[in-house]
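A single chain comes next, written as structure tokens; it is the form predicted alone.
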């Protein structure tokens, strides 16, 4: 429950340092200097900007961190709204602006919805995440069609459903698309939440002795959508509560959808009974998109946001950004922001200069990706790619991890900092240590490590030809 005495303007101001740390100095300076406090009621913070670009893009990118940091200070989960206003008062202009709204702002003239006329179970749904705004390709069409089928017949053949895949591939988009479709077309009670928020709410309910309230919230819905269940690892008590909630919903034919960054079989420290529940229904994965899909995504985003960028530049980005949709959008946002803020046309030369730190400029199309190296090494040593990117200190896994890091350095032109990011966000010094250690082993005559490296190079090169 919100505290009527909480001043959300003060919470917004106090949250500024934490938001700046979370998003980084560059993004904070670019976006948040153009966002200002506007107003608030008991539960909702309203921010404003005079620029449509900020209204459309910054909110989508930073809404989660804004809600999270302001809510931490407020002591409850706030609502967030952003509006576009041409005039700014001096007082507001001087207010530090750390964030952007939780979801794309409503620029219409109609009055914002209040807690009385808004279904609170839908507060976390981003209305821009729809099936129409998702661009499916060979990498995601199975997951896309499964989610559409669920939205048309919740609690039917695909219950529960698990969507898994790497970061930035569209899992959150699809699970929220289910929620948005049901909210708009049915009277079902739909609840979307991240596993992090689920965990926090569970802990708070224990501390405040409001467990029955917590149970009622999750067991009275018709459709439960939980994002990023990998964060449930090691959370034994939360797992137990989710297990009971799962049973209550499933036994009464209500739909459950989860997302995860890996197959459930590769999750650690998850109880067997909960793992069994996750694996009971349909599991679908999303892979990184191919070139054609990446280009289609960029074109779709330009149409959706009314951006005009030369197709050759979009093709250049699609060819060189092969990781995920989030990185594609990040590059597109940077180009559009530059054009809007500097008032300069985006040429190919400008695009290459702007994106030189985001993509590899002279990429060799035969160069092996780090993901392929990790996968090849994992298969060679009969372990999981998530083990290699994880924190296990088991000798066999640590050794395989160091070999993979070494191969990533000699087989790609990524820096040690970039390699560290691919290996679970490790510091570049960790990568350098691993490389130096493997190099020292290779100096030993008839080195076993040298034999392993040669074998792996053969495997990797063979994979590139397929």
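Positions refer to the first chain, counted from 1. Everything quoted here is computed from the prediction, not taken from an experiment.
Although not depicted, the form predicted in complex with a small molecule is the subject of the following passage.
- Although the partner is absent here, residue 168 lies within 4.5 Å of the small molecule in the predicted complex, judged by heavy atoms.
- Interface membership of residue 142, defined by any non-hydrogen atom within 4.5 Å of the small molecule in the predicted complex, is ruled out.
- At a distance threshold of 4.5 angstroms between non-hydrogen atoms, residue 278 is out of contact with the small molecule in the predicted complex.
- Proximity of residue 301 to the small molecule in the predicted complex falls within the 4.5 Å heavy atom cutoff.
- None of 178 to 186, 250 to 258, 293 to 301, 193 to 201 except one has non-hydrogen atoms within 4.5 angstroms of the small molecule in the predicted complex; the exception is 293 to 301.
- Of the residues 146, 135, 378, 313, just one reaches the small molecule in the predicted complex with a heavy atom at 4.5 Å or closer; this is 135.
- With the partner omitted from this view, the residue of 340, 329, 285, 387 that lies near the small molecule in the predicted complex is 329 [heavy atom within 4.5 Å].
- By 3 Å or more, the C-alpha separation between residue 335 and residue 418 grows in the predicted complex relative to the form shown here.
- Look at residue 196 and residue 418: in the predicted complex their Cα atoms come 3 Å or more closer than in this form.
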